[in-house]
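First, one chain by itself in structure tokens, the form predicted alone.
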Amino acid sequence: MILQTAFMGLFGIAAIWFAVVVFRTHSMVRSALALLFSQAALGAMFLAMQAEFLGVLQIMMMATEMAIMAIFMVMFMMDPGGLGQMEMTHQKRLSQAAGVIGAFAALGIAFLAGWGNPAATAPGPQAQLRGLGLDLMERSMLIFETAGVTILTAMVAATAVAVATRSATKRKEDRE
């Protein structure tokens, strides 16, 4: 239990650190990688809590998402490597105020909400995984299928637009 708590703290600090790095870097690709590491640390926290399915799902999902995001940034951005100066934050005062208000709201909810008594026993990892699988395969299946098809359609459309744009640019360059 002590080792589990230590890993939770370590991965929690890593998640927060990389979340801060997302906004401190001057590169969109580095920012995407920092976001990947932050979300992977959250996945590691799930693993430390013995929620293996959610941990692996979080890590796989974020790795795929950030890889796709980095590829599209390299394709479409003028300076994806961040060699030139680039400001990653916008509306700083409003963002800081919203962050402080959000932090106090989250702390207020965490400390003032009536959470009830903790459960006397929790089901084992296999029972938790089985319950999650039944939930996903029954009432949530249509949502996941729709989201998957939508994401795939968007990826194919973005690739088609990128290829068409590249072809048009190449033809224009050839004429000149």
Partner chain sequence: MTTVLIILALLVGAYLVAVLEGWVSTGRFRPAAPVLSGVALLGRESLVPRKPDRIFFEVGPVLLLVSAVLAAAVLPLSPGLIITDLATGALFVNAALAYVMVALLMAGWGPDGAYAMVGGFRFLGQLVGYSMPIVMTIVGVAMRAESLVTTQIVESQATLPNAVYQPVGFVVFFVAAMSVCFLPPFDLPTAPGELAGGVTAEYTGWRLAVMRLARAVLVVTLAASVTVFYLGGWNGPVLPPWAWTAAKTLAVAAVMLVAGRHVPRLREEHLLAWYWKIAIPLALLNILYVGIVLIAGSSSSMSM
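Numbering follows the first chain given and starts at 1. These numbers were taken from a predicted model, which means no experiment stands behind them. Throughout, rigid core stands for the largest set of C-alpha atoms superposing within 1.5 Å between the two forms.
There is another form of this protein, the form predicted together with the partner chain, and it is not shown here; the text below is about that form.
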_Using a 4.5 Å cut-off on any heavy atom, which residues of 27 to 66 would contact the partner chain in the predicted complex?_
Ser27, Val29, Arg30, Leu33, Leu36, Phe37, Ala40, Glu52, Phe53, Val56, Leu57, Ile59, Met60, Ala63, Thr64
_My question is whether Met137 is one of the residues whose C-alpha shifts by 2 Å or more between the shown form and the other one, given a fit on the rigid core._
yes
*Taking the rigid core as the reference frame, is the Cα of Ala110 displaced by 2 Å or more between the shown form and the other one?*
no
